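Only one chain comes next, encoded as structure tokens, the form predicted alone.
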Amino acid sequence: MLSTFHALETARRAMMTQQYALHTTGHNIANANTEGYTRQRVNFTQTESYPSVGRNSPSVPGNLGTGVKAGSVQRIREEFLDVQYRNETNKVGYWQTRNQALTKMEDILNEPSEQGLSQQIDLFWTALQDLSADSEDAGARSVVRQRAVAVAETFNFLHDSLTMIQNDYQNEIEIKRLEINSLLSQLDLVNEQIRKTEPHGYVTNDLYDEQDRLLDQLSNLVNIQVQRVASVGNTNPAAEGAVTVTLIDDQGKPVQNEAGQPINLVDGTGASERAQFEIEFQPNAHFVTGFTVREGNGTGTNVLNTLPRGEMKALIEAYGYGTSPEDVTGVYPNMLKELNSMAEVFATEMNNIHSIGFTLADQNGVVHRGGDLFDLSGVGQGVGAAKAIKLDSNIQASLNNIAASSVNINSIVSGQRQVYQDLVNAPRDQQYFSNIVDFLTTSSNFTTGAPTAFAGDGTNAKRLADVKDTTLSFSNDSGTISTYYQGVIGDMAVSTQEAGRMMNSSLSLQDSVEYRRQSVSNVSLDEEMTMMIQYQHAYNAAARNITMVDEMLDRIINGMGVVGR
């Protein structure tokens, strides 16, 4: 038989449950602007009906409801959208950082412009052509010297600026490594708290939110795969569990350690300690030699060759990586190699041609064979030609030392003139200039008393200017100075364009997924206000039900049995 106060208990349960829902709604509203907060809902559950099933249960027309209770408070979140979001975040982290690195490089090279290297070299060619037309003119010689200084200083500036940016990336890599390790430590701590709490039937929504915030940040740095691990014990069905985070490659496959097992950065079961990242730099050069994941058991795996995509990968690629200085690759090392190769080939060719020309006569009326036009003595011991190149000190000392004239063919003994012509017209090989220099330094090849060169002759200046159209061999390619540099700039522009396009595509997809994720998980004040009104009216109705039952009981207690009094 039902209790007289059954209806009061049913109404009380309703009031308590609606009050619980109102508190949760207030919590949602309070965190409407909290980053990473996931809105929560109370899962209403009917209480056990009367009578319960059993042999001795009373015979009644049917089961009578006994009210409602709050089953659990659960986050409203779609796990599939989290996976999509982190995948796109990982791409954004990589392409955004790569695009920034290439954009900085474009800003430094500043091509095409009036201040770029290409323009400085073109002005140098023009100055040499002007000199070839009037080789005695001091003004033309001065312009050639200043243009040569400008070319050398532009090479120096580009090298120093690129190196400075590259060095900044070393600090950035170290900062990001510490950030990754910190995120892994925090995730491990959150996992531990969840493992301790869930077995007692609690649903740790705030810890789940913190867990997701950390996973979002970690996915921006390295590529990860997340797997939930259910807790044991008296867990609530709404409990989500700790997470196991696995490092994966660009194809989505787990990166394996030396034992052939997937590398777990964080173990959701708590059976092993979290992993930590280590970075190894080459002490005497600017590149990364190792990116090691050291697991909880102490074993380390160098994942530099299978570097997972993310911001860290883009930083290492920008800075440069390899096993030795000869095989270093990367955005900035590659560009520095190109500049060094270009500067060395350019200066060497100019020096070779300058060495077979002749200067103006000195105070004694003697002309001298030209020396170097550019000084490359600083090349070596890790210093590239682009940094070391400078105008030769002899040219700095006197404009007369610019070897604009060629040898006076009539000063060569008659029997050797054809030999000289054959040397000049021979195919260019490694001995080409050496053979000509050897001929010019052999005194027996010249007639005594005849002028070796004329002051008004600008033939060698013309040869220097013609280098503009000469095909030269560079480290990985061949072409003229201009076409080679245009190729280098073109490759950089294409890479920058690709990085920008991929970054925009990834950002667009990330925004799209984030919009859908927020539409599920974010707090909508309109919706919360509507829900609040709904719970409020349910609460009021339950209170009115108590009033009704009270009136009914009043009639029973105070109104019954008073007939005849």
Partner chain sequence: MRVTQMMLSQSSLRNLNQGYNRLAQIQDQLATGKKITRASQDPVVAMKGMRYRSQVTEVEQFKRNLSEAYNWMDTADAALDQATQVLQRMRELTTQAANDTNNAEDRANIAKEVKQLREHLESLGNTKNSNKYIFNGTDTTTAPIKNTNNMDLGVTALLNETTTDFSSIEVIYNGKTFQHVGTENGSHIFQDKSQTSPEYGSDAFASEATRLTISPSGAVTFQARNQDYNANDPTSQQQLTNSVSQRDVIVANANTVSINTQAVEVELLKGVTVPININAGDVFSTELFGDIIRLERALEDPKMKGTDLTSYIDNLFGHINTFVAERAELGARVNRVQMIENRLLEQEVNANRIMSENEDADLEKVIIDLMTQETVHRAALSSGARIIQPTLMDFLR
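Model, not experiment: these values are computed from the prediction. Positions refer to the first chain, counted from 1.
Another form, the form predicted together with the partner chain, is not on view; read the next lines as being about it.
Original post:
Taking the partner as it appears in the predicted complex, which of 235 to 243, 149 to 157, 483 to 491, 329 to 337 has residues with heavy atoms within 4.5 Å of the partner chain?
Top reply: Within 4.5 Å of the partner lies stretch 483 to 491.
Original post:
Three residues, 33, 125 and 524; all within 4.5 Å of the partner chain in the predicted complex via heavy atoms?
Top reply: Yes, because 33, 125 and 524 each have a heavy atom that approaches the partner chain to within 4.5 Å in the predicted complex.
Original post:
With the cut-off set at 4.5 Å between non-hydrogen atoms, does residue 534 touch the partner chain in the predicted complex?
Top reply: Residue 534 lies outside the contact set for the partner chain.
Subject >> Close approach of residue 130 to the partner chain in the predicted complex, 4.5 Å, heavy atom >> reply: The answer is yes: residue 130 has a heavy atom within 4.5 Å of the partner chain.
Original post:
Would residue 207 sit within 4.5 Å of the partner chain in the predicted complex, counting heavy atoms only?
Top reply: Output for residue 207 is no: heavy atoms all beyond 4.5 Å of the partner chain.
Original post:
If you check in the predicted complex, is residue 48 within 4.5 Å of the partner chain, heavy atoms only?
Top reply: Taking the distances in the predicted complex, the answer for residue 48 is no, it never comes within 4.5 Å of the partner chain.
**OP:** Would you mind picking the one in 285, 376, 455, 413 that has a heavy atom within 4.5 Å of the partner chain in the predicted complex?
**Re:** Selected option: 455.
Subject >> The single option of 174, 477, 114, 79 touching the partner chain in the predicted complex, heavy atom within 4.5 Å >> reply: If I apply the 4.5 Å criterion carefully, the residue I get is 114.
Original post:
Does any residue in 494 to 517 get within 4.5 Å of the partner chain in the predicted complex, counting heavy atoms only, and if so which ones?
Top reply: Residues within 4.5 Å: 494, 496, 497, 511, 515, 516.
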